[in-house]
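Two versions of one and the same chain are coming, encoded as structure tokens; call them structure 1 and structure 2.
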Structure 1
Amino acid sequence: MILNIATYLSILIFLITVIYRFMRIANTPAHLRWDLYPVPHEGFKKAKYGGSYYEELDWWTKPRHVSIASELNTMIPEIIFLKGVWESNKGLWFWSWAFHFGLYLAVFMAALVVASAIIGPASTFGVVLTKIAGISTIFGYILGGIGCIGMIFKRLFNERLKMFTTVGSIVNLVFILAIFVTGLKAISEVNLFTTDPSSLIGQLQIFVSGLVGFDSSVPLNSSVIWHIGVTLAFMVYMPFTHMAHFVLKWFTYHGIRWNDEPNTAGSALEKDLTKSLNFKPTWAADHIKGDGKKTWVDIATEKGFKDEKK
């Protein structure tokens, strides 16, 4: 009963917090765009050399084409293989990739467990999903555990990373490592690849079935309970930390790095920018002279700041 209630609450807190953070960011004023090319959604041809729709004659009179395929061609290698880390810090790449890919496989396993529990673990399709879930679990937990340990050592002993490492960063990694460790411990105590209810995947399927059917009487192995408990605690904890950057990445790429939306009359962007121009900044920088009374329009149209020598 307690574990079931904790699961319902954990999922609810996780969803509410993530949705809240997403909506809060989505409703902030327009960010300062990079406007750096190439922009992937321009299409394979233009993205190859850094082209833009701005180079077209009378571009504002023509329909704008956005290539989702070209954008995915850039996103997928970054998400799966962490291409940016490989290009900027090869010494960190393996540990970071193992850490992230281990998490991907763990989430994939959870999705398969839920799906197989709903359609029936004993069905033909359910058996296939169970086998795949078992493979994802063992590879994901081992790979993720190795990545966590490597990232912890890198953050503690690498001179380039030490200056950016906080106690919270280490706590986050240790927390995730605890998920992988308790999962591996559960694997070592119960079978993994069989569809038997005593296997790890079978135990998780029984647990999910109990959640869906509001049945708290299902028997679970103690090691599986520990694994579920640590995972639920992490679900509640994670959205309140910088690990929620998976929400921010969408805005970082699509709202800042790749945003080249034209500011046309009557558009939502024009309304957003007009609203921002009426803000009254209080920046302390001398060249801004933000006293909290002048708007950005006032500041942008007044005479420039002169550096008077004293």
Structure 2
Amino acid sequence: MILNIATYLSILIFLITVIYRFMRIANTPAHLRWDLYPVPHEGFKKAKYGGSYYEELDWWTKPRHVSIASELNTMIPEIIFLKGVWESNKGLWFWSWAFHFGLYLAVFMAALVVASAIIGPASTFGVVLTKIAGISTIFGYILGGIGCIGMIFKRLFNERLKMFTTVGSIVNLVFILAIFVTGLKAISEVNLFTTDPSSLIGQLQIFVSGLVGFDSSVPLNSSVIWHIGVTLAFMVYMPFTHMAHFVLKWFTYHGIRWNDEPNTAGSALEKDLTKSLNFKPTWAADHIKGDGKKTWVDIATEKGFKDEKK
């Protein structure tokens, strides 16, 4: 009963926090451009060397091409292999990759557990999903655990990193390590590779079915309960930390680095910008003297100059 309620609450808190953080960024006003090249949606050819539409004569008269395929070509190796870390921080790459990939596999497993629990673990497809979930779990937990331990060591002892290591950064890693360790402990106590309800995947499937059917009477092994408990605690904690980058990275790339949308007459962007230009700043330096009454337009045009020259 308690575990079920805790799960509903954790999922709720997780979703609310992640959505809140996402919306908080999404609701910031249209900003000035801050693009950084290569911008992959410029297409394969240009993305290869970092070119932009500014390389075209009279670029504003030409149609704008946005290549999703080229974007995916950049995003997939980055997400799966952490290509950027490989290129610029080889010493950290393996640990970071193992850590991230372990987490991906764990999330993948969770998705398979939910799917198989819903369609029925005993169905032909359910059995396949269960097997894949089992493989994903063992690889994910071992890889993720190794990655976590490596990262903790790096953060504590590596010259390059330790200056920036805070209690918070170690707590984050220990928390995730606890998920993998409790998971592995559960695997050692209950079977993994069977579709039997007493295996870890089977127990998780029963648990998910119970959640879906509002049935809290399902019997769970204590090591599985621990594993679920730690995972739930992490779900509540994580969105409050920098680890929310798993979703907010969308903005750092699509909203900023790759945001090369030109401002065109009559566009929605222009309307948003016009609103922002009417904000009333309070910057206090003498050359601005923002008093909360003058708008950005006033300050940036003649009126502002004259006030400044006084």
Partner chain sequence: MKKNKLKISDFSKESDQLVHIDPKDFIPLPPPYDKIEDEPIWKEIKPEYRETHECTLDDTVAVGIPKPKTPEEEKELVDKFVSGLRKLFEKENNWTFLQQLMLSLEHCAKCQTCVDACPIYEASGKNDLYRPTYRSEIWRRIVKKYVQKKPFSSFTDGDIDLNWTTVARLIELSYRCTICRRCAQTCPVGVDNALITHELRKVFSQEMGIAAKEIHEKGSVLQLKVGSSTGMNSEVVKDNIDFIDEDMTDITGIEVKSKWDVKGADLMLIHNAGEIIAWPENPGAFAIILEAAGINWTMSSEAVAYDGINYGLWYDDVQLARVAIKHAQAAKKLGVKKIVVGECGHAHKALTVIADRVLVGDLNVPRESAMTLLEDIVFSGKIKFDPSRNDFPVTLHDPCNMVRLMGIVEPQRRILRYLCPQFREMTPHGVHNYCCGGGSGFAIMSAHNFTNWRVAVSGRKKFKQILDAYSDCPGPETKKYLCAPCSNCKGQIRDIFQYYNAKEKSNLIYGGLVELIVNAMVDVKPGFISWEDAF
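Counting starts at 1 with the first residue of structure 1 and goes up one by one along its sequence. Note that the rigid core is defined as the largest set of C-alphas that superpose within 1.5 Å between two forms. Keep in mind the model is a prediction, meaning the values are calculated, not measured.
S.K.: Looking at the two shown chains, say which is the form predicted in complex with its partner chain.
M.R.: Comparing the pair, one sees that structure 2 is the form predicted in complex with its partner chain and the remaining one is not.
S.K.: With the core lined up, does the C-alpha of W296 move 2 Å or more between structure 1 and structure 2?
M.R.: Yes; that C-alpha moves by at least 2 Å between structure 1 and structure 2.
S.K.: Would you say whether Y253 is displaced between structure 1 and structure 2, judging by a C-alpha shift of 2 Å or more on the superposed rigid core?
M.R.: Shift of 2 Å or more: no.
S.K.: How about G50 - superposed on the rigid core, does its CA move between structure 1 and structure 2 by 2 Å or more?
M.R.: It does, since the G50 C-alpha is displaced 2 Å or more between structure 1 and structure 2 after the core fit.
S.K.: Where the rigid core has been superposed, how far does the Cα of H287 end up moving between structure 1 and structure 2, given in Å?
M.R.: Core-aligned C-alpha shift comes out at 8.2 Å.
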